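Single chain ahead, written as structure tokens, the form predicted alone.
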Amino acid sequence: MKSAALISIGNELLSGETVDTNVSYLCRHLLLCGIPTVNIFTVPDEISSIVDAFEQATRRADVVLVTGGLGPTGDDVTREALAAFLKVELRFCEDLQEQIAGFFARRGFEMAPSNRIQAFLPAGARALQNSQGTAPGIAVDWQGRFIACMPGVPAEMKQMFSDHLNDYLKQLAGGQSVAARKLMCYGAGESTIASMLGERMERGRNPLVNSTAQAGLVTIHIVAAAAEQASAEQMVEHERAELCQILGNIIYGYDGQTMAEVVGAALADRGKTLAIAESCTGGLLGQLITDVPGSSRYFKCGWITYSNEAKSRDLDVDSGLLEQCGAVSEEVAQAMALGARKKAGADYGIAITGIAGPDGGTEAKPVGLVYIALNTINGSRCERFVFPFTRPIMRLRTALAALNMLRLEL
């Protein structure tokens, strides 16, 4: 199975000043060409770092696509790095300089001397015309690998890919068809899931299985390649069924479904309703629930009872209980969940209370401690978690854990 690796170049990507939308575009379009992406590298504007990325990418993939670093300034060093990797010299191309000068002339400008560097190519490489800007792309075949460098400007990159690479990569895939599925997981870490799947996550396998993780959510990616699309899809479906057998209820959804979507659909299918009471999450759980269109079918209401006074006044939590056990306790969480369910007349009540930090923790009740309670007409249960992360991540993981409790109950 042909595979691809992407290299994104630029200090601004590593500093967070620029969001790398090029990667998602290329991953999608490579799949349409029949070539899955297996590695993504983000590197600074340094020749040694870019050369290292080339070395790693060409070891792991048949196609290497690069974005960024083709401009005329001193920090644009992709062409120099590619030449260093290939162990060849940069050679000046008179026709490229004429094209670049012509781009400026058509707009009534004279080409600056600094743009001359864009007319240099590594020996043996060919230029990819840039109809949207001054920086030509670079393409080269090397030891059975295909390498293409494109500008980092999204509009220029997309047009260059469409003009010069899309059809070529389809041919390079050799009629290979690709099918992909995602399994959305919660309740086990990425390393635990990898251990459960074992050899299924080995490189070079078809179907290829890999994973990504964020805020406690793990996405399993399944990519299969075959001569015909129907065969690729059959391979993916067979793999999906087997992974579901292994992972069980760790899998909460498919192909990008959110936890809130899955829980909401389960409530709607059963004709059940939900009310919530939040403290440390400050309304985040309610936002996740109501982000789903049609959530009014099952979501009744929610309270953000941040103070003890609000917990007593709005949810009928006994003030003596608050004084005795403290707001961050199993007892108070259960009382909040009961109060929310009863006052809303809902089938399910969820309550959250915890310490989001960065201050306010003690040895007995550290920052990141949270109690999540779930109340139904048949009783209630409460779970204790410690999420020792930054305040935003702690709150997000708490809201997801609350949704997962309800998912498992349903």
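If you're wondering where the values come from, they're calculated on a predicted model, not measured in any experiment. Definition used throughout: the rigid core is the maximal C-alpha set that superposes within 1.5 Å between two forms. In case it trips you up, residue 1 is the first one in the sequence shown, and so on.
Not pictured, yet referred to below: the form predicted together with a further copy of the same chain.
Contact between Glu309 and a further copy of the same chain in the predicted complex is found at the 4.5 Å heavy atom cutoff. Using a 4.5 angstroms limit between non-hydrogen atoms, Tyr252 is distant from a further copy of the same chain in the predicted complex. None of the heavy atoms of Arg270 is located within 4.5 Å of a further copy of the same chain in the predicted complex. Residue contact with a further copy of the same chain in the predicted complex: Gly124 places no heavy atom within 4.5 Å of it. Heavy atoms within 4.5 Å of a further copy of the same chain in the predicted complex belong, among the stretches 369-377, 61-69, 33-41, 347-355, to residues of 33-41.
Only one of Arg145, Lys158, Arg205, Lys300 lies close to a further copy of the same chain in the predicted complex, with a heavy atom inside 4.5 Å, and it is Lys300.
Think of it this way: in the predicted complex, a further copy of the same chain has a heavy atom of just one of Ser162, Gln245, Gln229, Ser296 within 4.5 Å, and the residue is Ser296.
Applying a 4.5 Å heavy atom cutoff to a further copy of the same chain in the predicted complex picks out no residue from 79-117. Once both forms are fitted on their rigid core, the CA atom of Val38 lies 2 Å or more apart between the shown form and the other one. A movement of the C-alpha atom of Asn404 falling short of 2 angstroms is seen between the shown form and the other one when the two forms are aligned on their rigid core.
With the core superposed, Lys182 shows a C-alpha displacement below 2 Å between the shown form and the other one.
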